[in-house]
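Just one chain is shown here, as structure tokens, and it is the form predicted on its own.
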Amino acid sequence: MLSFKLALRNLLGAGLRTWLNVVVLSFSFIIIIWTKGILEGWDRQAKADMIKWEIGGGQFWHVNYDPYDPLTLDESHDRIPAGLISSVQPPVPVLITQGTIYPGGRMLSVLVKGIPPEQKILALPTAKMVSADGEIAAIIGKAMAENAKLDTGDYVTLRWRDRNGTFDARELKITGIFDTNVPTVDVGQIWIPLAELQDMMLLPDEATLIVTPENAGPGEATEEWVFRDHEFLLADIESIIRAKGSVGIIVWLILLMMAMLAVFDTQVLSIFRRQKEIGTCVALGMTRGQVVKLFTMEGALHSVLAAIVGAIYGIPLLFLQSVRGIKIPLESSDFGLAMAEKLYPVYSAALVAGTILIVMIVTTIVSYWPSRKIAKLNPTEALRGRIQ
């Protein structure tokens, strides 16, 4: 206890030099917590949006379906299993094929997706797929609408190829435009009623994938249908978050090294300037180990003061951002990632406590390193102001 009080008094007595180190170290605390909180918030938000708009409780894929290879679409469809249709909450079958639209005289390749208008599992506004006089209703996302220069009520020609390889074309009427944070249901895609697409493709009662309700549990795979759970379907966003986290670690290390360098230099300078004080302490009965402990504690207290100072200005700042969010440029959707216009950071107790603990441990080690020299001192030489 005496060593702690003496270390704190010496630290506060150093004045401006101490507070400069404390402020720099507090910046490291806040930035590490802030960047990690952004990644955690993005992770949770992206997963929630993908489950809401695209994944549901999981998906059954046709065994030949590969979302990264459009050439597999010709062979990746089969009849919907009767056992799934008769379930209490019917899943959502989706039929996918390639097509081409011609908005304003231009040609755009799209994925045409058929989905039941009455479905309730996904957030897609499929209820808007209502038309009259034999028209085929279609809904598209906001990004797709901007790219194709289409608006609600517009007509566009769609060309496709049926199961026999025969090309055909029909007029589609855009009956709805939805705004989503998930580009994988928006960019380059057009949604029409499942029955219409099955009739156009000559594929009655067939689908490419089947979306199950949330909390439905793992489905029973068959020879033609493979169940994909959340872990599989969210693997891409997980890998992206891990990659971003690796970049964040580099930034954290740079900040931490700068702060530790300041603490290390302060300790070296303090030992050099306080040689007579060290010699006096030893001459008065303090052991070399106690003196080393005193100087190590002084350095470690930098992190304690930094945590206090960081809490004073960091808690209001981080709380405000977690409530109001951080606005992201709209161009971020061009990367094909599920990212909202605003990200809401998530700061868990484990994140804050872990960051403080790591910084304190590193600060203590850095403080002890130059203090080891005291253990080798000669009290007589130290009293004369000389440490070898």
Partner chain sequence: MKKLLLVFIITGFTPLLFGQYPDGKDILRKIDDNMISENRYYESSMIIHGRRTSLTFKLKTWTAGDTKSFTEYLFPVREKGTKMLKLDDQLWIYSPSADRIIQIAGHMLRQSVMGSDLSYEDLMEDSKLSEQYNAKVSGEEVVDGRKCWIVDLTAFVPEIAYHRKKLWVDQERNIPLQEELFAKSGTLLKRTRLSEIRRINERWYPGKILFKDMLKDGQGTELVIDEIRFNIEVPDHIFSKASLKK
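Numbering follows the first chain given and starts at 1. The model shown is predicted, which means the values in this text are computed figures rather than measured ones.
Keep in mind that the form predicted in complex with its partner chain is not shown, yet the notes after this line are about it.
Asks: Closest heavy atom of residue 308 to its partner chain in the predicted complex, within 4.5 Å or not?
Replies: Residue 308 lies outside the contact set for its partner chain.
Asks: So, in the predicted complex, is residue 79 in contact with its partner chain at a 4.5 angstroms heavy atom limit?
Replies: No - in the predicted complex, heavy atoms of residue 79 and its partner chain never come within 4.5 Å of each other.
Asks: Should residue 228 be counted as a contact of its partner chain in the predicted complex, where contact means heavy atoms within 4.5 Å?
Replies: Judged by the heavy-atom cut-off of 4.5 Å, residue 228 is well away from its partner chain in the predicted complex.
Asks: Is residue 157 part of the interface with its partner chain in the predicted complex - any heavy atom within 4.5 Å?
Replies: Result yes; residue 157 sits at the interface with its partner chain in the predicted complex.
Asks: Spot the stretch among 205-213, 158-166, 190-198, 115-123 with residues whose non-hydrogen atoms come within 4.5 Å of its partner chain in the predicted complex.
Replies: Stretch 158-166 is the one.
Asks: So which of 224, 135, 74, 151 gets a non-hydrogen atom within 4.5 Å of its partner chain in the predicted complex?
Replies: Here the answer is residue option 74.
Asks: Within 96-117, which residues have a heavy atom closer than or equal to 4.5 Å from its partner chain in the predicted complex?
Replies: Stretch hits, in order: 102, 104, 105, 107.
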